[in-house]
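Below, in structure tokens: the form predicted alone, a single chain.
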């Protein structure tokens, strides 16, 4: 990759981490292939794990970064962790606007530090698809209150790696003294509330409202 392109990517990873262990665990558990990453900035790392990633961001630096397609292809092909053919696409713009992506076509939706991704882009996620969400901006909280999503479990750090944990879902999204969650406050402040038990990442499955809720076959 060119020095400028590599510099942006390295700076991002040094500041926010690559989170490659997170994506490895999601791929291992859920076999996701087609990924939508709104608010990605220059976080290229998912393309080393998943065969097809659509990055979306309105930052001009991200647009310049992803325009260096040859350098990005070289990096992906050098460091990808499987033998599959990898594809990537970059959409320059606000993910809250309509995007030229087929509805119900995405296996995995990534929501980290980019606001309410689950609200504005869930139409692109297929029924049975997975939402990987943090709660720094309150998006996991909103997804938990959304009947279109079923809370499956969390990703927790386990000896330097991340592992998917389920079976204790009732312990999450509970406030101290069972205080109610004010969703209007979450939306206005773009900040998740404090819970008695929290995780770095929350996993949800998109459910068809008229279909019986079924957990995906994880193997």
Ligand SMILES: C[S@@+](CC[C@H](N)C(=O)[O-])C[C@H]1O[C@@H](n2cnc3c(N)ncnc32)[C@H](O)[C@@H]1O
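Positions refer to the first chain, counted from 1. Everything numeric here is computed off the predicted structure, so don't read it as measured data.
This next part talks about the form predicted together with the ligand, which is not shown.
- Here the marked residues 138, 144 and 187 all miss the ligand in the predicted complex; none has a heavy atom within 4.5 angstroms.
- Site annotation in the predicted complex: the residue of 124, 88, 95, 149 reaching within 4.5 Å of the ligand with a heavy atom is 95.
- Scanning 30, 41, 173, 162 against the ligand in the predicted complex with a 4.5 Å heavy atom cut-off leaves one residue, 41.
- Contact annotation: the ligand lies within 4.5 Å of heavy atoms from the stretch 111-119 in the predicted complex, the single such stretch among 111-119, 125-133, 80-88, 67-75.
- Among heavy atoms of residue 59, some come within 4.5 Å of the ligand in the predicted complex.
- Residue contact check for residue 19: one or more of its heavy atoms lie within 4.5 Å of the ligand in the predicted complex.
- Though the partner is left out of this view, residue 12 does reach within 4.5 Å of the ligand in the predicted complex, counting heavy atoms only.
- Although the partner is absent here, residue 37 is a contact residue: one of its heavy atoms lies within 4.5 angstroms of the ligand in the predicted complex.
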